[in-house]
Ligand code: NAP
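One chain is shown next in structure tokens, namely the form predicted alone.
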């Protein structure tokens, strides 16, 4: 039987409570051994407010899972790797590509696992969509990713600050799926980004890629939320609904894998640690960076929570 891994969870906010903690506690691979957060706690788990102290006092904890916002994450990841711990990064894996490359190189030099997670790739319809598309000629693909920032990030002003990524915070989930399922690479050719007059990051984006691929991201949608990817091929049309969790091919629903995103991520991390491997795919971040480089800026009405 494989050894149970002890993990410290850093950043006890909404995503940690809603997804990480239940996934860890439901898995036979893991023990949630400690948390690090300025304010948040998990009942029954030793809590720290300083990562350096946790690393010094708990040498038996071999894995650190980081759920912090992107901007402060690098310093915590570097400290954990320097202390000889394997590291799991919530998406996006960093605020910049250079940060993630530095962490990848550090992990490689120290023989440690670094896992840049993309939870939407673990949605129940994604693997089947990738298999179906693997031998198809794609003629067109379009992403519609529209949600309500007030619902998913209530009062979290950091998402509109530099490094917060704005609408790309959810939009990068779509980019992680499209880059996983398409049978060919794509590159960005143009973008229009809408910035509220009082904010530093975009609230909406329209992207154009090579090979007939496009995307529409918007953080102002109220009511039902829309997370769809439609791909047309010479042999039919495939649509992923609900963020990749429902797959429909030529109007027929395809049974999903039954997998849940965060349990699948932690299962993957356990395998990577035991196999002494890393998984650091930055392709979705490259498309985001290209959008910010090529994007034409349009100013729109101020936005407040």
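Residue numbers count along the first chain shown, from 1. Values in this document were obtained by computation on a predicted structure and should not be read as measured data.
This next part talks about the form predicted together with the ligand, which is not shown.
- [ ] Mark residue 22 yes when one of its heavy atoms lies within 4.5 Å of a heavy atom of the ligand in the predicted bound form, and no otherwise.
- [x] Heavy-atom contact with the ligand at 4.5 Å: absent for residue 22.
Task: Exercise: residue 236 in contact with the ligand in the predicted bound form, heavy atom 4.5 Å - done: Answer no; every heavy atom of residue 236 is more than 4.5 Å from the ligand in the predicted bound form.
- [ ] Decide whether residue 69 counts as a contact residue for the ligand in the predicted bound form under a heavy atom distance cut-off of 4.5 Å.
- [x] The answer is yes: residue 69 has a heavy atom within 4.5 Å of the ligand.
Open item on the list: Even though the partner isn't displayed, in the predicted bound form is residue 286 close enough to the ligand, meaning a heavy atom within 4.5 Å?
Closed with: No, residue 286 stays farther than 4.5 Å from the ligand in the predicted bound form.
Task: Options 26 to 34, 248 to 256, 268 to 276, 61 to 69; stretch whose heavy atom lies within 4.5 Å of the ligand in the predicted bound form - done: The contacting stretch here is 61 to 69.
Task: Contact residue in the predicted bound form, from 153, 121, 85, 199 (heavy atom within 4.5 Å of the ligand) - done: None of the others qualify; the residue that does is 153.
Open item on the list: With the partner left out here, which residues of 31 to 60 have a non-hydrogen atom within 4.5 Å of the ligand in the predicted bound form?
Closed with: Stretch hits, in order: 37, 38, 39, 40.
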